[in-house]
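Only one chain is included here, represented as C-alpha cells and corresponding to the form predicted alone.
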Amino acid sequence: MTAAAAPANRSNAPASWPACSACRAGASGVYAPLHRTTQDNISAVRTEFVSVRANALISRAGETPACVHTLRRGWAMQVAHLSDGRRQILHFFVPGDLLNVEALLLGERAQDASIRALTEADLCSFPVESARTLFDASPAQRESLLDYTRAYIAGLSRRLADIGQRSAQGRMAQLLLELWERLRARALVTDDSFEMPVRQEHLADALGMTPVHVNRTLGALRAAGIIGFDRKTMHVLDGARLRKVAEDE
C-alpha cells in the first residue's frame, strides 16, 4: 500500500490480525475456493492488515503496485484524475473484491488509475508473486479469478457504453443493478436492500452526470416504485422493472 494511504490503524504483528477463517468477505469473494480448503495458505502469505479512513489513497496512478489487496470490509473506488482536478470514477469495489487485479495479470507496469477508500475499510495485502501462486492453487481457484476478471472488465465496458449511449435513467439503473447483483452474490443483500455508501457526487462522477441530474434521476426511479432509499440503504422494490430500464433506456 502506498504511504499516502493515511491508515487509521496498521498492525505489523500477524498474531493481532483477524483470522482468515472468520472472514465473510473471503468466504464469498474472489478467493472463495481457496478459503474453503486452505485458509492457512492465505494467512501465510498475507503481509499486512490495515484499516484506512474514508478517501484514503490505497494505490496511486503512475505507480507500479507491489501488492494486491483484498477488501475485507468497506467500499473503495477506482478513480482517474484529470489535470484540472476533475475525476472519473471507473469502478466501485465491495467487500470480497480484489484490488489491483491488473498487477496479477499484466505484470510490472504502472497503473492507469488510483484506488481510494470510499468508506472506512479493512484491507489484507499480498505480494503480487505470492498472490499469483495462491490463485494458481487449483483449477477452481483459477476459474474464480478468471470469472472475477471477466466481470470487472465487462463492468468497465458497460459503463463506457452507458455514458455514451444510455439515458440518465438507463445509466443509473445499470449501476444499481450491477451493485445489487454483486452484493447479493456476496450475501450482503437482505430483503432486496443493501448498504449504499455511494453519495450523489460519486454517482455523478461515475455516470457522467451532474449531482442535480443524479438527484432527479433517482427521484424518478423512486417515484416509479422501482427503488427506494433512505440514509445509506438502497431498496430494490421492483427488480424486473429495474432490469428493464437498465436494458431498454
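Remember, it's a predicted structure, so these values are computed and weren't measured experimentally. One-based numbering along the sequence shown.
Not pictured, yet referred to below: the form predicted in complex with a further copy of the same chain.
The stretch among 175-183, 140-148, 67-75, 119-127 whose residues place heavy atoms within 4.5 Å of a further copy of the same chain in the predicted complex is 140-148. For the chain shown alone, E195 is not a contact residue for a further copy of the same chain in the predicted complex, no non-hydrogen atom being within 4.5 angstroms. Residue contact check for T133: none of its heavy atoms lie within 4.5 Å of a further copy of the same chain in the predicted complex. Proximity of E48 to a further copy of the same chain in the predicted complex falls outside the 4.5 Å heavy atom cutoff.
When contacts are judged by a 4.5 Å heavy atom cut-off, V94 does not count as touching a further copy of the same chain in the predicted complex. Although a further copy of the same chain is omitted here, in the predicted complex none of P33, E63 and A187 has a heavy atom within 4.5 Å of it. For the stretch 145-175, the set of residues having any non-hydrogen atom within 4.5 angstroms of a further copy of the same chain in the predicted complex comprises L146, D147, T149, R150, Y152, I153, A154, L156, S157, R159, L160, A161, I163, G164, Q165, R166, in sequence order.
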